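Next up: just one chain, as structure tokens, the form predicted alone.
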């Protein structure tokens, strides 16, 4: 751990959303030198969006490590329930309703959690100097990165985690577009809780994120102990907000939800930054990439980005930085392209609705994946790995050496989704 730690004397995290809070806690807990300096920089005028989120099982031991708290304490602190997978309703052409389970089934679980509460929990675990300021720019300079502030002198750092969220606009030379995912907007509603707390302990009930196909897209239902988060994900270029709101009302009525609290309308780009990591600046979370929340990839991606950069910088001598950086960046970009392909593939068989959205998703958006993810466009072989997984699905027998083949999503996940979608 001493190999690279001396080159990380001064580290900054910019942004206090989920990714930024994860990064600040990770630097505090994983840096072997207690005398390092960590600055957590954010603009308090920018609110954090406390929506309900689903996670993967990989987050649980990571949170225990970062907070030094038990699984049960963490779950209660984030109003959490135990997520054992995703329940699809109305997707594809075969089973329509099916489960994509974490493996081992009914044993492995992640959380449904409140993102703002998780951010608060992580910030308590970070030993950082807090700087409330507007950041104008983050630029790589000789031997480090320079953060420029509004109304304050600039600061130089050995490493900066940039967690400022979505880019204002996409540029082809800096961003990879993901046109084969057909959604770009979410309407969030906060509804009454459907899961009751169990005394002083955590809720042990098995819960699943519901992913409900609807005429204009799909709806995620995330059960927390204090409320239930409903999110209608759609394409604003195909369906008007008024049409979506009307169908949202119909779904809640069918679910027996008599009242709700409007929470947010979120517009998002599906994209991947070409330079997630340049050696001294690491974009994380929504600043690095975004793939619609169908498979809860956001937190898992941030966890990988933060962990990969810290492990590389702490374990490797600084003399290897120039050599390591392109390989690490390509790995992170490839991971996100692969996530995107897996999520976009969910739409290739349509749904029970023969609507404008689903025709576009099936017939227009998904057929663009081969061109959009071509190696010469994305500078990685994510499409080849995705094709290899589809090839394995067609075999009558799969060699045991391929059972655990995974790059974000395992062969088991492909099998479950393929059988469910038809």
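If you're wondering where the values come from, they're calculated on a predicted model, not measured in any experiment. Numbering follows the first chain given and starts at 1.
What comes next is about the form predicted in complex with a small molecule, which is not displayed.
The closest non-hydrogen atom of residue 48 lies within 4.5 Å of the small molecule in the predicted bound form. At least one heavy atom of residue 293 is located within 4.5 Å of the small molecule in the predicted bound form. In the predicted bound form, the small molecule sits within 4.5 Å of a heavy atom belonging to residue 164. Put simply, residue 146 is far from the small molecule in the predicted bound form: not one heavy atom of it is within 4.5 Å. Out of the listed residues 266, 117, 251, 194, 266 is the one that sits within 4.5 Å of the small molecule in the predicted bound form by at least one heavy atom. The contact with the small molecule in the predicted bound form, taken as any heavy atom within 4.5 Å, belongs to 135 out of 135, 314, 238, 74. With the partner omitted here, the stretch from 254-262, 298-306, 332-340, 101-109 that lies within 4.5 Å of the small molecule by heavy atoms in the predicted bound form is 298-306.
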